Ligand SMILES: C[S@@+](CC[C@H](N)C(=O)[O-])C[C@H]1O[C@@H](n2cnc3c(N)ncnc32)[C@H](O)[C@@H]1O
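A single chain comes next, written as structure tokens; it is the form predicted on its own.
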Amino acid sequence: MNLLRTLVPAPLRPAARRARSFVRGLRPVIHPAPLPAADCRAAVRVARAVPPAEAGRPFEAALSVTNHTPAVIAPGGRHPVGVTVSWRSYLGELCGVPDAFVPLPRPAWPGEEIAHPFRFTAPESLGDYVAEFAVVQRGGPAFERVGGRAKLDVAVTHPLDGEFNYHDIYARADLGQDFWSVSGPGSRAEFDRLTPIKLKLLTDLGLTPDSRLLDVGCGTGLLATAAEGFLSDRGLYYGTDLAPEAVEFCKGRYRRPNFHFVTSGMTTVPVAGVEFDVVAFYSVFTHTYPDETALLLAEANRLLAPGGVIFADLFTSPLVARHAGSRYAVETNRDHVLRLIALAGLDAELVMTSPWNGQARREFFKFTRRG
């Protein structure tokens, strides 16, 4: 560049640069052997932030790579030069995601800067990540980093964001032909299999035939089916759901006089004048964001009888700062949610856990009134 400025008048420099690039393009550059360590110096810079990336799918990071070596660095040969990405959690901890390498798009001559949208693949697990980029040569000495570290916050979300709408699902459903799949089970047999399992989880926590049971997010009656044959005439069942279609379906299907169904809001439970021994949130908080979860639990606390329990499941992940994903599946930071739950006046006890997706788990909690 200094030679170009010295020998070429300013008006002719753009044309000279184009000519130089053309000539350089005619000379293939490969690395049959690793560069010597003294020639491994480069800088990489993040040009701009990226929008949320979809789990397991490609995303582009706009990076600038500057060659500070006295030699050409290139993507060809047995020892190509490129950019590697290393992934850490939002806390800066290693998170088990392997590094990935992308070759340079073309050779970079001494002192030259290449700006390019490098294409990487996002981690499979949802989370709030920090991606760190570095220039490397495959099978060669480590490159000395010139300038600061090139880091980028990358929020990894679910590929189905925006495609899950609870009201649309019920609007399209023919509940006369298939009432089970809108509640989750893929078949009537699966619906029937899950019914006693969900009931047993509650009886293990103290549900008796004479209990008063509130089923928030009742859907088309997965728990109501079990409760219908379990609760005595002294018992009480209330089912609430966001979808009016679900509520009307349940009113027609479950006709015991001590069974009631009402349409609820996203964070409100329109029930008053009744206290419940057990409040169940099956597959509800897996679709609500943390603030909504806390508000619903405050509603449950309002309706909880002395000594009563609340049962609910969450998707939790150590890679998530607060929450990630969409209504299809919301993964949360457990500690963040538990802090909100404490503000709602409840104590939490983990009673069961199972794998969910990647490092996320499905965790079942019992909540009781504090104090």
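Sequential numbering from 1, following the sequence displayed. What you see is a predicted model, and the numbers here were worked out from it, not measured in a lab.
A second form of this protein, the form predicted together with the named molecule, is not displayed here; the remarks below concern that form.
Of the listed positions (A134, L175, L242, L152), a single one reaches within 4.5 angstroms of the named molecule by any non-hydrogen atom in the model of the complex, namely L242. Shown without its partner, this chain lists L126, C250, V81, L296 as candidates; in the model of the complex, only L296 has a non-hydrogen atom within 4.5 angstroms of the named molecule. Taking non-hydrogen atoms only, L207 never approaches the named molecule to within 4.5 angstroms in the model of the complex. Contact between G265 and the named molecule in the model of the complex is found at the 4.5 Å heavy atom cutoff. Proximity of R138 to the named molecule in the model of the complex falls outside the 4.5 Å heavy atom cutoff. Contact check for S211: no non-hydrogen atom falls within 4.5 Å of the named molecule in the model of the complex.
Annotated contact segment (heavy atom within 4.5 Å of the named molecule in the model of the complex): 219-227, selected among 219-227, 103-111, 68-76, 83-91. Within 4.5 angstroms of the named molecule in the model of the complex, the stretch 349-371 places no non-hydrogen atom at all.
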